[in-house]
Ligand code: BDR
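Next up: a single chain in structure tokens, the form predicted alone.
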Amino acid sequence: MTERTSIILDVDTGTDDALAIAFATRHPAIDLIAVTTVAGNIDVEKATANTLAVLDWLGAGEIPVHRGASRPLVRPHRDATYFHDEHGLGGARLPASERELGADRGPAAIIRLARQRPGEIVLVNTGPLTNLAIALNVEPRLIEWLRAVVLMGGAFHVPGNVTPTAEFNIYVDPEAAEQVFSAPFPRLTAIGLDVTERVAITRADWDAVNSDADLPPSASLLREVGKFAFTRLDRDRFALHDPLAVAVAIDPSLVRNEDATVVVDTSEAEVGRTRVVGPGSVQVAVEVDADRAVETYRRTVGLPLPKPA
């Protein structure tokens, strides 16, 4: 049997976070031990409610959810409802969960679980890095306890998606990102727009899930959360930003990295810009096997094959 990787997901559950959760709950090599939430795509209350609802939809209601930071370290919260819709799930109206949250808050839960299982857990961040920065400030030994950190964030050699130079997760809390990128993690991998924009499901995938009524919940979730992007915004593709970060956590061969020192701009002129300033210990993804990544996602969640064009 394949050895399973214990993962904590730190999310701001909008649409692609929901798809990442589906991937994490279905992949046989992943043991999803907890999910923590943070303000990002939407406020933390909605992100937490969405996370619970998505897990329940997927039949994974046993996985604990811990509410995390409600705002960035020093800035007001800026959301992305322009892409994820007002409630964050792209037009989906999943049944609300009735279960209780985990007793401790997001940063505390990350510290507790890492301390209990040193060297075992991979933390995958798919939202702003606020929870991780808080946890590092409270417990610097977290650097030693975590097996690895994989984060979705940054635009290193490509334009940003919220400003010409900044990717959304870094833009929302650049001070937190600056702390994380400067921390001496033995394994920190940044999955930024350089690679995530190349990995996408298409309108053909969208048409396929809408023409097949007999799908597992992990696949039918796309039919729910893709409404805003594929209908209201009339997109032809949906980048798998967050699912790619989860996939790389268990299969690093999906990407090629450069060893980098990363500086995050916190000045208003280019806030959230991620600059590679030389060689260093951060693994920045610069190339991706896009076809294999998409196929891995499709196969894992049970998407039907799209019809040939």
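Quantities reported herein were computed from a predicted structural model and do not represent experimental measurements. Start at 1 and count along the sequence shown; that's the residue number.
This protein has a second form, the form predicted together with ligand BDR, left out of what is shown; the following refers to that one.
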{"query": "Stretch in contact, per heavy atom within 4.5 angstroms of ligand BDR in the model of the complex, of 98 to 106, 200 to 208, 220 to 228, 168 to 176", "finding": "168 to 176"}
{"query": "Option touching ligand BDR, based on a heavy atom within 4.5 Å in the model of the complex, out of V150, I111, L193, I134", "finding": "L193"}
{"query": "4.5 Å heavy atom contact, S182 and ligand BDR in the model of the complex", "finding": "no"}
{"query": "T163, heavy atom within 4.5 angstroms of ligand BDR in the model of the complex", "finding": "no"}
{"query": "Residue contact check: N41 to ligand BDR in the model of the complex, 4.5 Å heavy atom", "finding": "yes"}
{"query": "Contact set, 12 to 46 vs ligand BDR in the model of the complex - heavy atom within 4.5 angstroms", "finding": "D12, D16, D17, N41"}
